[in-house]
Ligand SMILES: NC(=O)c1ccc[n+]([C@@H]2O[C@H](COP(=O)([O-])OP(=O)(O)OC[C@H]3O[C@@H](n4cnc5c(N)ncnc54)[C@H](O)[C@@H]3O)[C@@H](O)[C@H]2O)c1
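Taking the form predicted on its own, here's one chain by itself in structure tokens.
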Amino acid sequence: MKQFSLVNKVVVVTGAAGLLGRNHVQAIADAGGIPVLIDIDALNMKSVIEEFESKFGIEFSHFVVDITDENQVKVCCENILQKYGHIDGLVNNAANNPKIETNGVNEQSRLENFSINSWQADISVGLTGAFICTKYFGTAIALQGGSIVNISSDLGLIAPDQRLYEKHGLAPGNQPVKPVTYSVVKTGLIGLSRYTATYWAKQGVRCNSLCPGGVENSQDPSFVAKLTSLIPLGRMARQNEYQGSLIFLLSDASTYITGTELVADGGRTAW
């Protein structure tokens, strides 16, 4: 089991204060690693840091950073290297999760109504931010080798089933949908993983995509029922259920795995 250890490995996690981000951080700490938390949300970051420092009894390094700002990422990387001397892993987890209000008129999530501002904001965080973080933290990892994990989605492999989001009583043209940017970002991350895996292969850098399915988070019961009917295991993922997959990809347990996708979706893409 020693090959699953992350002892003395410094792993940067973006979007660390979010739903999955905090579970990534806990998994890294449980495996003996040194998680470095990055998030733009200072308030949520404070809450996560207090929770984990109380639980583990150690200090967690954290930085409030806008990953779409190249200079902020550059400075953050320099600060981490100054403190630890090396970076061994990166989890590109940060992404926008816009809450689009459904009013039954000109539904803004629909492709024909989706604004260029929403497009640019989602692409900026989900793809440009991942590129910038890969550029700086990945370059540091390439100095001695390590692992990069891009958090994609089952919807990076298949199209969203828009029937899941339908609301009773609304006309077809006013039905809410999964926004186009989600598919584009999650598919783009798979492409970034393949590029990075081959670009830095000789430097001992592995890069893979983790493709999770939907996570339980107090969703509307009717939505959950419709989604779980599409999943062979018959349920959504628990919030901590991707921790093992992440540690596998970050650790020496997966030293011959690179440029591919680990799909953890309860079997949804098998149907």
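Note that residue numbering follows the sequence shown and begins at 1. The structure presented is a predicted model; accordingly, all values stated were derived computationally and were not measured.
There is another form of the same protein, the form predicted in complex with the ligand; it is not shown, and what comes next is about it.
Undergrad: Using heavy atoms and a 4.5 Å cut-off, decide whether V11, L37 and E51 all contact the ligand in the predicted complex.
TA: Verified in the predicted complex; spot residues all out of contact, no.
Undergrad: Flag S147 as yes or no: does it have a non-hydrogen atom within 4.5 angstroms of any non-hydrogen atom of the ligand in the predicted complex?
TA: Because no heavy atom of S147 falls inside 4.5 Å of the ligand in the predicted complex, the answer is no.
Undergrad: Would E241 count as a contact of the ligand in the predicted complex, using a 4.5 angstroms cut-off between non-hydrogen atoms?
TA: E241: no contact with the ligand in the predicted complex.
Undergrad: With a cut-off of 4.5 Å between heavy atoms, is G18 one of the residues that contacts the ligand in the predicted complex?
TA: Yes.
Undergrad: With the cut-off set at 4.5 Å between non-hydrogen atoms, does W200 touch the ligand in the predicted complex?
TA: W200 lies outside the contact set for the ligand.
Undergrad: What stretch, of 67-75, 167-175, 136-144, 190-198, brings heavy atoms to within 4.5 Å of the ligand in the predicted complex?
TA: Heavy atoms within 4.5 Å of the ligand in the predicted complex occur in 67-75.
Undergrad: Only one of N97, Q82, Q120, Q162 has a non-hydrogen atom within 4.5 angstroms of the ligand in the predicted complex; which is it?
TA: Here the answer is residue option N97.
Undergrad: Can you tell me which residues in 202-223 come within 4.5 angstroms of the ligand in the predicted complex, by heavy atoms?
TA: P212, G213, G214, V215, in sequence order.
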